[in-house]
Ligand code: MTE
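As structure tokens, one chain now follows by itself in the form predicted alone.
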């Protein structure tokens, strides 16, 4: 059975089965909290329909008191907590990476695999404290109800985070999104929210939490979301020793360009990973580049985006506009996109570049590392 998804008519689906897509960039940044109809959608298998009345969340593994909860019991036993958090796919901006060298067999995300929302649920740490954490436990695994095919094997989607991250109070077991019950396509009745981490760790349709000595052996943790050097191919990849993806990198994207009477208004978003926050966005323009600092539309905070805008002088068609962000640990984005290319197209956070006024069909006749504004 195909579960319908509630999205705006201009939502861009890169895949329909399973559904993966996001909104047009200008619509993406219209609001600080992304409406559900515009929130990007990342699925790895068919969307499961989980019956709220029979739902049970099990807590097992290295705990002193294995237990299970209905949705109502979670709400009654543990204090409710509300946070704002941005979710971003590790493959966001993959299309720019694909312009450097091919990235086969992956969803060809543009810059729209990111959204921000308000979430309400209970803190994971309260649930783990109730269950009692064994001294041997080092990692917390989330397992969803969505069955996915990978490497010729059918598995439930899952992944893990370090225990010390799980015990921070902003990691949520969420049952509400933007003040409404979770939509089916976004993980109802319960999902994990791990601010500052790749979206794959905020597992949807959550059914199990397991405490482990080592990171999850789930194929989507141990084999899918891994980072490799630029000179590695899928044939030469050493999956066991590859870098495990967790915290996001600092990043920024240009989402809208508007000619106004006194110049060009450029708008976009910026994000930081872990417990860091965005402190500055610089916009470069012209050839040679000149830089101007953008102003923010949103307050700073860990795990949330900041939308920005800046007015720059009028440009000639074809002149470059680029964006780079800085976070609270003084990290910034690399200039060279080839330095962060990998065959999975993950974690592309090179400067985002566009050419002013250039149509999409011109992409193949100019520098491959440059995106084009449509």
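What you see is a predicted model, and the numbers here were worked out from it, not measured in a lab. Numbering follows the first chain given and starts at 1.
The protein also exists as the form predicted in complex with the ligand; that form is not presented, and the subsequent description refers to it.
- Contact check for residue 42: a heavy atom falls within 4.5 Å of the ligand in the predicted complex.
- Contact annotation: residue 199 falls within 4.5 Å of the ligand in the predicted complex, judged by heavy atom distances.
- Looking at residue 304, you'd find every heavy atom of it more than 4.5 angstroms from the ligand in the predicted complex.
- In the predicted complex, the ligand lies farther than 4.5 Å from every heavy atom of residue 141.
- Residues within 4.5 angstroms of the ligand in the predicted complex, judged by any non-hydrogen atom, belong to 34-42 and to none of the other stretches in 329-337, 34-42, 56-64, 314-322.
- The partner is absent here; in the predicted complex, the one residue of 165, 204, 277, 94 having a heavy atom within 4.5 Å of the ligand is 204.
- Comment: the ligand is not present in this chain, but in the predicted complex one of 270, 174, 171, 87 has a heavy atom within 4.5 Å of it, namely 87.
- With respect to the ligand in the predicted complex, the three residues 228, 344 and 352 uniformly fall beyond 4.5 angstroms at the level of their nearest heavy atom.
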